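In the form predicted alone, a lone chain appears below as structure tokens.
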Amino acid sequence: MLRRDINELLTQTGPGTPMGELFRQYWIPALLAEELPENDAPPVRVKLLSERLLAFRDSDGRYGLVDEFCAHRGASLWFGRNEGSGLRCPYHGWKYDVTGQCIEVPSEADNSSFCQNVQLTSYPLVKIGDVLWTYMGDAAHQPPLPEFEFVHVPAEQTYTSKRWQQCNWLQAFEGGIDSSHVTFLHSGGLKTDPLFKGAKGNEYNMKDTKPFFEVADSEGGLFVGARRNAEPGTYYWRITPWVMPSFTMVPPRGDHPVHGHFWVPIDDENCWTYSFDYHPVRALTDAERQAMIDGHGVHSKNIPGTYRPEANMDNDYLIDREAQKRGDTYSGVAGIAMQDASLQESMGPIVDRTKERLVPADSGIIKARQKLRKAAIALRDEGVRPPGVDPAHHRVRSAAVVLPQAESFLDSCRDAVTATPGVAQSSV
């Protein structure tokens, strides 16, 4: 179990909280590039770390992320006119540039300097790959830009989606480093999902339902190794990297693309799940990309025009009890992404971890909580820079390998868990 005060420390991410300040040390996904597809596109509401913000792309193609509300009377700038290299409040015409600087107050005299002293809170917004990233911390300590492999391979080799998840970021993230549930919850998907099926590793997953976990520290977070029996004298290892605060990668299967996630707090009871697929050495096929769009693999089928899944808590995730009885799906919920989300959301907005009973298979979760808590307190009390900020920590991969029983997974797989351009993933 986890003490209530520690649970609160790990789950509260608003301004001034230890975990909120921790998240503000990193570049985090703010929205997908497709949400601002062209210059002067309509602005987009963005809520991150309990701050209500607005993203827009100006007439010159520059991206901005600013306080949602006009400094004059507090009207939402979402109603604003995006034109002439700025966003104009429709209430009284005050205009702001992408840095949040007020550049025009129509009611003031032409020679007035009033607007020079009006500045909205703003954060940098940068396109890398198909994601728009922001840094919400102290500008004096802004780190270098992210170097995760999925946003740096050619566009034809990668795909990213997002979905709204109605629970705290931590319980969603913990599912991403929990490899033991795959044998049960996702057993149907291992047989039928076009982005998972057909891999030799699936057989090991299904035959050995009692994985042994070994967790190793890394500079940026952890490597969580799940070991299952393979052929005599060998083990099948699935190695999940975690880079602080909330980046994880799913170990690959066969020549399928590599999957992964970012969990970004909206507020304490909701988060954005960014899910990606990429292949290090080839383009995604048309069939693979269409499967991702259709909500297979780690992606969800969303309500058109939104990032809310079609299967959600309001419709009981479209659970099909007959499919559950037949064994088509283990839980009756279709789709790997929503199988995870349905159970994570079922815990409530913030799960009460004082009631949980953990087992050795939860060792990755236990160590991740410890590392997060230690980093948040060290940042708060001593100003210590947390792991995962350095771009060198981003150059990791997940791996699936078969090793002789006597070999250490990390000693034998250092190359496999390092992202090397032009080198294929290690997969079974």
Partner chain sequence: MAVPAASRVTPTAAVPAAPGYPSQSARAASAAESRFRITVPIAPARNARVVALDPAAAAVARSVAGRPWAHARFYTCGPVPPGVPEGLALTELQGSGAPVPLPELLEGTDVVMVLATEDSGREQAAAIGGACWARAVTTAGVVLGDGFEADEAVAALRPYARVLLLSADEGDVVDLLTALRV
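Remember, it's a predicted structure, so these values are computed and weren't measured experimentally. Positions refer to the first chain, counted from 1.
Same protein, other form: the form predicted in complex with the partner chain, not shown, and the subject of what follows.
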State yes or no: in the predicted bound form, is some non-hydrogen atom of residue 216 no more than 4.5 angstroms from a non-hydrogen atom of the partner chain? yes
Examine residue 393 and determine whether its closest non-hydrogen atom to the partner chain in the predicted bound form is within 4.5 angstroms. no
Do residue 360 and the partner chain share at least one heavy atom pair within 4.5 Å in the predicted bound form? yes
So in the predicted bound form, is the partner chain close enough to residue 178 to count as touching (4.5 Å, heavy atoms)? no
In the predicted bound form, the one of 315, 116, 285, 107 near the partner chain [non-hydrogen atom within 4.5 angstroms]: 315
Out of 380, 374, 62, 52, which one falls within 4.5 Å of the partner chain in the predicted bound form, going by heavy atoms? 374
I need the one stretch from 291-299, 238-246, 206-214, 275-283 whose residues put non-hydrogen atoms within 4.5 angstroms of the partner chain in the predicted bound form. 206-214
Hey, which residues along 247-276 are within 4.5 angstroms of the partner chain in the predicted bound form, non-hydrogen atoms only? 269
